[in-house]
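Have a look below at one chain only, the form predicted on its own, in C-alpha cells format.
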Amino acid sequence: MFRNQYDTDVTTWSPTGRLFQVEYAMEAVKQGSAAIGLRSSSHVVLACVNKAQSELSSHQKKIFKVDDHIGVAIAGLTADGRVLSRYMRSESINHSFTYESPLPVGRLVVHLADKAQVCTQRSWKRPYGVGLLVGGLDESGAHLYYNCPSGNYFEYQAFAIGSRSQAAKTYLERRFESFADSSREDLIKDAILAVRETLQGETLKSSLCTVSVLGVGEPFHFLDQEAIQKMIDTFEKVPEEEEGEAEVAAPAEQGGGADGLGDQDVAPMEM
C-alpha cells in the first residue's frame, strides 16, 4: 500500500492535499473485526464479532465499559483501543469527582476527538489505528457516536465499522427508521442480525459475538452467552419453519391432480 515520498511522515502534505498516514490509520479500522452500534430513544446496544488469531487462542476484548452510562466498541488495533478506553474512563471519573454528576456523552467524544487530532499534527506521534463507537445515555437522551482516527466524529442512529461492515450497514439502512421507537429486545435482535450479515455465510453462534446494552434505568452491562444464544435460536427457527411449510404445501397442491398422479409425486419428497 506504499504510495510515494509523501507518506513517510504524518505531517507531510501531498500535492493533492492528503495526509496518507492518516488514511492508512483509517484503513486499519477497515481491517479490524466488525463492531456495530444502534440506539433508540431510551437504549443503546453495542455488538462486535469475536475474532481469534488462531484456534488455540481466545478472542480479544472489543467492547469496554467506560462508566455506568457509557460504553465503547472498537475496530482496528486493539492495543490503541484499550489505551483510549482507559483515557475515557479516567475523564469520566475525574468529571464525576469534580462536578458530582455523570459526564455528558458529547463532551467526552469531543475530548477523545481532540486527543486523536493531536496525533495527526505531531511528527513524533502516529495516528491511533482504531475506530470507536461510543454509546451512552445522558440528560439529553441516548447517543451513538463514531470517532475516526483523523479526529472527526459523527453522531448516528446506527452504524457499523470494521471488516465486511458494508453488509451490516446495508441491513441497518433498511431498518434504521424504526430504531427510534424500538424496544430493548428488538434493538438487541437487530444488532445480532447485523452481526450475522458480516459473517458472510458462517453460522451465527453466541460464541462469535459479544453484545452489550445500556438504557434508562439499566446501567451498561454485557449480555451472557445463554441469553444471546436463545435470541439467536428464536429467529433462526423462523426461516426453517417457513421452508418446511412451503415443502408440505407443494405436494398438497400437486395431490389434487387426476388419475392419482399426485401420489406419485409425494414419494420422492419423503425419501
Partner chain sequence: MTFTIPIDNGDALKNAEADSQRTLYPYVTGTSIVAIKYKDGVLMASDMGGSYGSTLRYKNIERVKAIGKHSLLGASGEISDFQEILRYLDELVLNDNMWDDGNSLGPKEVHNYLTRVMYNRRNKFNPLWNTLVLGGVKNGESYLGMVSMIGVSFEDNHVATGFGNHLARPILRDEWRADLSFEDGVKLLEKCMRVLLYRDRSAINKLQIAKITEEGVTVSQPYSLKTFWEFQAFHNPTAGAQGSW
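Note that the structure is predicted; figures quoted are calculated from it, not measured. Positions refer to the first chain, counted from 1.
The next section is about a form of this same protein that is not shown, the form predicted together with its partner chain.
Taking the partner from elsewhere, Val110 is found to have a heavy atom lying within 4.5 Å of its partner chain in the predicted bound form.
Although the partner is absent here, Asp138 is a contact residue: one of its heavy atoms lies within 4.5 angstroms of its partner chain in the predicted bound form.
Mapping the unseen interface onto this chain, Tyr99 counts among the residues with a heavy atom inside 4.5 Å of its partner chain in the predicted bound form. The stretch among 99-107, 183-191, 72-80, 167-175 whose residues place heavy atoms within 4.5 Å of its partner chain in the predicted bound form is 99-107.
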